[in-house]
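Quick setup: one chain, the form predicted on its own, written in structure tokens, and binding and motion questions come after.
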């Protein structure tokens, strides 16, 4: 009888230990899941833009991390600039489409090859440089890398680092 109780206690102790272990593993898994970014956040981290279909002097607006991204393929009559992103023989403006003064979205005026901000009258050229104040700095170039004719936003590739090392990106 004594031996039977001891066997039952040993079994209950092992069962309780197994139950606690399973619960502990479940708790650790749940904690890890709360620390991982949501799939929607991960998906918003990178945006791929195919530049092969871009038309000269036509602004394309994409979205990356909730911000507008301006993609402008420069036409032959536009001034080439060190801030340009060069893909093959084509030059592009790639910039976050927010005025550096107060964050308004400037409009592109294709006939004048410049961006005009309606909020306070600021102007940027087709390379994103300030033409008329109050913007304190050029349009911001987001981190990017080039993969063939595709631009991948969200990753600082060698082209981005080259612009940054040259002091063309803040």
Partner chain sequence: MRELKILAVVVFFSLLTYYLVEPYAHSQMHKHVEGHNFVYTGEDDIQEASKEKKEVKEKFWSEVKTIAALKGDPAAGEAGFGMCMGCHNGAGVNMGGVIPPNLDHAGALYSKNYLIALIKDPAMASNVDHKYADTMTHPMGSVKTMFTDNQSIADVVAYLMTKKAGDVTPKEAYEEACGRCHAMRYAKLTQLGETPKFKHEKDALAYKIKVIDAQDAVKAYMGKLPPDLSIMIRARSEHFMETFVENPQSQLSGTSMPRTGLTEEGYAKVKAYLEEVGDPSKPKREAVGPWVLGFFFIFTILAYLWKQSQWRDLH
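Because the structure is predicted, anything quoted here is derived from the model rather than measured. If you superpose the two forms and keep the largest set of C-alpha atoms that fall within 1.5 Å, you have the rigid core. Numbering follows the first chain given and starts at 1.
Here the subject shifts to the form predicted together with the partner chain, a form of this protein not shown in this document.
* **Distance check, residue 158 to the partner chain in the model of the complex, heavy atom within 4.5 Å** => Close contact is absent here: in the model of the complex, residue 158 is far from the partner chain, nothing within 4.5 Å, heavy atoms only.
* **Exercise: residue 148 in contact with the partner chain in the model of the complex, heavy atom 4.5 Å** => Result no; residue 148 lies far from the partner chain in the model of the complex.
* **Contact of residue 62 with the partner chain in the model of the complex (heavy atom, 4.5 Å)** => Within the cut-off, so yes.
* Contact flag, residue 48 vs the partner chain in the model of the complex, heavy atom cut 4.5 Å -> Taking the distances in the model of the complex, the answer for residue 48 is yes, it comes within 4.5 Å of the partner chain.
* Has each of 80, 82 and 110 got a heavy atom lying within 4.5 angstroms of the partner chain in the model of the complex? -> Not one of the three qualifies.
* **Core-aligned C-alpha movement of residue 24 between this form and the one not shown, 2 Å or more** => After core superposition, the displacement of the residue 24 C-alpha between this form and the one not shown reaches the 2 Å mark, so yes.
* Is_shifted residue 148 between this form and the one not shown (CA, 2 Å cut-off, rigid core) -> No, the C-alpha moves less than 2 Å.
* Did residue 158 shift 2 Å or more between this form and the one not shown, C-alpha, core superposed -> Shift at residue 158: below 2 Å after core fit.
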